[in-house]
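In the block that follows, a single chain appears as structure tokens, in the form predicted on its own.
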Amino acid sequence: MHSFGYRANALLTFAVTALAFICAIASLSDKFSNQNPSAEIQILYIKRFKSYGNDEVSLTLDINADLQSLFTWNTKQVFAFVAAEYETPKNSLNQVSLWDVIIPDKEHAKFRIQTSNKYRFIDQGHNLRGKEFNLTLHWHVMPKTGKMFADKIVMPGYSLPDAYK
């Protein structure tokens, strides 16, 4: 007969294997969910555009987003942020985070907010005058089990004034 240790080992091995299989199925089930988030961001006005050695911009944004479709039974939370993206002669892509939020559940995933940029929009140098840029809503979905994934919506066509305010 097998000893208690052998039986406990077999039971524990079976339980861990079954748990890993269930977690894998749970993670794969997110691949089949229909995700179609939407967002619109407007710049209401530019509060400040100065040069303090480096160009600095303060914006008031109107953010309207519906990220409810990102939530499934396996979603723990969603981290979303708005970034300004632009090119300079030195760098092909500059990204500056302007605002962020952690969305804990589906009920808070549809929102409209008017806010100033939470983080300073600064360029190292004097490259922002007359600069065209994109506002991009990025999100990272953090599941209860499985791999975290990210995506974004790019909104082009924004520009800064040619002169400081």
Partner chain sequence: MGWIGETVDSIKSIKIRQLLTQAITLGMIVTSALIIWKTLMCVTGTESPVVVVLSESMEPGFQRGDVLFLHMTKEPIRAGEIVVFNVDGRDIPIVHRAIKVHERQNTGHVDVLTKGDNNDVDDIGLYADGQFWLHRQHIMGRAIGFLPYVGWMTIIMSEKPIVKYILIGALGLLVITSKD
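Given the structure is predicted, the values throughout are model-derived calculations rather than measurements. Positions refer to the first chain, counted from 1.
Here the subject shifts to the form predicted together with the partner chain, a form of this protein not shown in this document.
Student: Look at the stretches 117-125, 29-37, 61-69, 42-50 and give the one with heavy atoms within 4.5 Å of the partner chain in the predicted bound form.
Tutor: Among the listed stretches, the partner-contacting one is 117-125.
Student: So in the predicted bound form, does residue 155 come within 4.5 Å of the partner chain, heavy atom to heavy atom?
Tutor: No, residue 155 stays farther than 4.5 Å from the partner chain in the predicted bound form.
Student: Can you work out whether residue 16 and the partner chain are in contact in the predicted bound form, taking contact to mean some heavy atom pair no more than 4.5 Å apart?
Tutor: Answer no; every heavy atom of residue 16 is more than 4.5 Å from the partner chain in the predicted bound form.
Student: Answer for residue 140 alone: is it within 4.5 Å of the partner chain in the predicted bound form, judged on heavy atom distances?
Tutor: Yes, contact at 4.5 Å.
Student: Taking heavy atoms and a 4.5 Å cut-off, does residue 113 contact the partner chain in the predicted bound form?
Tutor: Result no; residue 113 lies far from the partner chain in the predicted bound form.
Student: Using a 4.5 Å heavy atom cutoff, which residues in 53-78 contact the partner chain in the predicted bound form? It's fine if the answer is none.
Tutor: Result: 76, 77.
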